[in-house]
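Let's start with one chain on its own, the form predicted on its own, as structure tokens.
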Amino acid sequence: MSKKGGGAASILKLIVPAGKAMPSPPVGPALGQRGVKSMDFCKQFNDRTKDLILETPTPVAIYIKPDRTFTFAVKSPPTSWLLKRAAGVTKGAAQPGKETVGTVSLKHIFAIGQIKSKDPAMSHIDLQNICKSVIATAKSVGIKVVH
């Protein structure tokens, strides 16, 4: 005797390339386990991210309801990815405190801060503090910030 309905929605968090979602791993199996048609998600996701640069790693939170319907929220790309792209490097430093792999200007930091401030989770944080967080991430990746 199982109870039907009234169950809580489950949340699935993935990082999917913008405009390139396919029902292959990791998207297909993760959604298939939960009884959601991965092709439906892929079509909606690709449509929603068509304005972004292709293959930008895009975090997405998928809310799956007990009746196997879903909604999802697309977030901004990871800060480290944005910093590496701005610095023109593909990989961070092996020893971030001792070596640097690239440089970015405060203008880049401000632009990344503006992108991050559009996230719903960051809406209550002022832009100055977001920029401080971006600078700290740059340090941890091994990217030098020049004035």
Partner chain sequence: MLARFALTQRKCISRGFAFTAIQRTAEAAAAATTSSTASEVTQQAKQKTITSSAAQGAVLKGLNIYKEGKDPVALKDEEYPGWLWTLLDVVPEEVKEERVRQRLQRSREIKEANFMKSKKK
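Residue numbers count along the first chain shown, from 1. Since we're looking at a predicted model, the values are computed, not measured.
From this point on, the text means the form predicted together with the partner chain, which you will not see here.
- Interface residue among 91, 50, 98, 68, judged by heavy atoms within 4.5 Å of the partner chain in the predicted complex: 50.
- The contact with the partner chain in the predicted complex, taken as any heavy atom within 4.5 Å, belongs to 135 out of 15, 135, 22, 12.
- The three marked residues, 36, 41 and 74, fail to reach the partner chain in the predicted complex, with no heavy atom of any inside 4.5 Å.
- The closest heavy atom approach of residue 117 to the partner chain in the predicted complex falls outside 4.5 Å.
- Although the partner is absent here, residue 106 is a contact residue: one of its heavy atoms lies within 4.5 angstroms of the partner chain in the predicted complex.
- For the chain shown alone, residue 27 is not a contact residue for the partner chain in the predicted complex, no non-hydrogen atom being within 4.5 angstroms.
- Although the partner is absent here, residue 82 sits close enough that one of its heavy atoms falls within 4.5 Å of the partner chain in the predicted complex.
- Contacts between 127 to 143 and the partner chain, taken as any heavy atom within 4.5 Å in the predicted complex, involve 127, 128, 131, 132, 135.
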